[in-house]
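Form predicted alone, single chain, as structure tokens, below.
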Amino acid sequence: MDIAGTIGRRGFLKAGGGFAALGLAGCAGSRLGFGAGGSMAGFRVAPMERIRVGIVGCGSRGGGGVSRFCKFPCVEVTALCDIKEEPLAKCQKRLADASRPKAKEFLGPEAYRALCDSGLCDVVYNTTPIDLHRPVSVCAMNAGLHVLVEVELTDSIEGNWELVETAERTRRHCMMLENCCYGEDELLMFNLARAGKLGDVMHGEAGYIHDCRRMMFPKEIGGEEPWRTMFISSKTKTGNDYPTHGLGPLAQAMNVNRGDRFDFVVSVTSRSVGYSEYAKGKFGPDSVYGRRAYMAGDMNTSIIQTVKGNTIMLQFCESTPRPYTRMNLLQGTKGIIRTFPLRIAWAENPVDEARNFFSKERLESVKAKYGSKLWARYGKDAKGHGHGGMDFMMDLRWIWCLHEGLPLDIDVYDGAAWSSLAELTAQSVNKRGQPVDIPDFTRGGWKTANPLDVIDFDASSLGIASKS
């Protein structure tokens, strides 16, 4: 395509990876044309018999990745990067305990650049704090590496555009690792939608309700502040700051970016009380934390409408004592599925009613027929490997896709669209709930992109035998 003809008002933005990326100044809407390489919808690379992984960010999440990757014979952890020596040592021990070779270490705030240029890796696993997701990912793709990014993809609309355009230009995968898309109930929800058992799906509800107050503060006055502390004090963190866990599975079931797309969002947030009361109770009302103002409201509620008129209600709360839930509701013209706990009901024909959820016996029958074949085959392997097994299933899937040369389930457009809600909901909240347009990161590609199919495969070629 004629790149010069698409520049228009675009300016050059300096990126953390040391390159100039094309950007559209002052616009959160659709960009003009694709990056130099074209659309990433359905993108695939040649099958990778051996997958060499470099981990940037070797704390709890990166260390867990080391242990999980060692379960796959075709995956080698070849490089480790962190700003501290202790996490590197812990990851090396995990490798040694799994009888795996020692990985090369890269130590320092910008040592990820040397890792990306080392020639040791095919894939970078980016588990850094959110403000480093973009520069590390851009650097990796510019070095010819695929990148796997923990949620969210990045924390700004401009950052999401930069990752989209970098992936298009470099022809490298940029997958956000949304593990909740691989939960057993979420895959059942997806399968029921694909099988048409819920009818014409038009509405979903999702959320992230998690009492995280203890993680937002140091253990004691004078202790090291968690990185999360700055988020709850920031004036910009007024919307849904963690949208993807609940939103991702619904977006896949509702064919977002593959036949439909997010159009706009309206969002409101309750007043902020929970963090202040917790801080006063833990540290005292006259302490530095007891006196601090917390900008993050306790409950954010957002409504997304798609171009085709479907709706999603999304909620977010981390500051009150409440049992964990992601909500997960999918409603169609024939029936409904919701989780936490799992409940299903549908009508057998258009004039029937569904007054009650299915009995325990019928629910088990539905699960047996429409449940995930991956969980049936590899559920015993998955249990105990992160978040109830979702992490293992997520890894099993992206490893399989790279090994077989298949498109990844969550492409850069998905990651950008889902992650963009963090900034866009804040914009709506700060405009008293006014609608805010959601960018079309696919630039119209959603109209022709193929929907995801039901996930089912035999992973024996990866050296993973079914234990069912």
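Residue numbers here begin at 1 and follow the sequence given. These numbers were taken from a predicted model, which means no experiment stands behind them.
The protein also exists as the form predicted in complex with a small molecule; that form is not presented, and the subsequent description refers to it.
The stretch from 293-301, 269-277, 239-247, 357-365 that comes within 4.5 Å of the small molecule in the predicted bound form, counting heavy atoms only, is 239-247. When contacts are judged by a 4.5 Å heavy atom cut-off, R52 does not count as touching the small molecule in the predicted bound form. In the predicted bound form, S60 approaches the small molecule with a heavy atom inside 4.5 Å.
A residue is said to contact a partner when one of its heavy atoms sits within 4.5 Å of a partner heavy atom; T127 meets this definition for the small molecule in the predicted bound form.
K369 falls outside the set of residues with a heavy atom inside 4.5 Å of the small molecule in the predicted bound form. The partner is absent here; in the predicted bound form, the one residue of T306, N328, N257, N179 having a heavy atom within 4.5 Å of the small molecule is N179. E150 is the sole member of E158, D381, E150, E205 with a non-hydrogen atom within 4.5 Å of the small molecule in the predicted bound form.
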